[in-house]
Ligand code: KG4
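Starting off, we have a lone chain in the form predicted on its own, written out as structure tokens.
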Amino acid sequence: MKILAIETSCDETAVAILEARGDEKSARFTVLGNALLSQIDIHREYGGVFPALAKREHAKNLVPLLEAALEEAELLHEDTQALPDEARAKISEILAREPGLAEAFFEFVSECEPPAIDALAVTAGPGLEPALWVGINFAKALALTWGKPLVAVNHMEGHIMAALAKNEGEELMIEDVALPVLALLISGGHTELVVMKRWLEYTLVGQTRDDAVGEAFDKVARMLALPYPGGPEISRLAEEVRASGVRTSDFELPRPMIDSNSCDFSFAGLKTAVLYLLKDKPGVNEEEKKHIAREFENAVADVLWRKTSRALEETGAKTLVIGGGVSANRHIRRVFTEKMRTEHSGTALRIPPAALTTDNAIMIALAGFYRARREEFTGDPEANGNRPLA
């Protein structure tokens, strides 16, 4: 099965084509084509993602990225195609709210034959709704033009599948997944623990009661006057202190809810503690910033681990996956790798390769494959910025 996937949930525009074979017990995936554009430089001056701007950039990028992915997959074949008037009118209506996209779309599809794919997959949420709608409408237009079925994918399920996938040569492989699977999903918009006791069926175990962990990273980075995106900058400074061998620090931050009788998180208090620390000590120098960054990152990792460890005990999970953009954090990966080995050695740990931690269309294709196998097709997916996984 060949899956063409589209991802536009935030500030990455991505298109990927995967060839998949197998089933829920064992599946292999070959990435035939993969094209991605990040908007980080565009949004940097705003200190965060500006939804209207992200929407505009997605509309501008989708057709060139589709062409690039198809060409890499050797599925781009030129041929004059005339769309029936009725189909053209319908597609014009679908793309009416995406300025400039209809014109580029019609020019592209009129000059190439329908590619040999079996299904389309698109992110339908969670994410920024204006951005989500661009990808959804583009996917709907392609499905109508090419006569292909379409599946709507939960973005967070994509992160889970990316974490479960292992590299084997030039392929990705998802097999030997011991259930139940506990997933720690950490990103700018999410901090939650979900358990999958049966394949693709999820139950919420714990979640943040306020800020997501990635949001806390970004807010603390702004307090420290670090460039956007702030998370990697905090990690960079923290790693410099660790590499220096200095273990002591004049700064101490709380670990909110770390001993509470739940698997829920809270990061607003930690963020506020940094704010008060900086108010009490104005004009911190660059060396002090590094130590604050390390203490903040240590506090985050401590809380994430304690809550996840509790969830592992409560659910009896045999596999732990960590997914989402914050899973790229070196210290969090290190803490979890060490703690799992010493405290939960009977549970497998799966963390995605760095290239699949951020938003991408490969993970949407992975999840889309399993949904397509179940024939969970839809002709009219809806964007939902708060789409729940569990």
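Residue numbers here begin at 1 and follow the sequence given. Being a predicted model, the structure only gives us computed values, none of them experimental.
There is another form of the same protein, the form predicted together with the ligand; it is not shown, and what comes next is about it.
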- Task: Check whether E215 has any heavy atom within 4.5 Å of a heavy atom of the ligand in the predicted complex, and answer yes or no.
- Result: yes
- Message: I'd like to know whether V326 contacts the ligand in the predicted complex, with contact meaning heavy atoms within 4.5 angstroms.
- Response: yes
- Task: Consider T319 of the chain shown here, and say whether it contacts the ligand in the predicted complex, taking contact as heavy atoms within 4.5 Å.
- Result: no
- Item | Partner contact for G135 in the predicted complex: the ligand, 4.5 angstroms, heavy atom | no
- Candidate from N154, S235, T208, T145 lying within 4.5 Å of the ligand in the predicted complex - any heavy atom: S235
- Name the single residue among T358, Q39, N34, N61 that comes within 4.5 Å of the ligand in the predicted complex, judging by heavy atoms. T358
- Query: Tell me which of 104-112, 183-191, 162-170, 85-93 has residues with heavy atoms within 4.5 angstroms of the ligand in the predicted complex?
  - Reply: 183-191
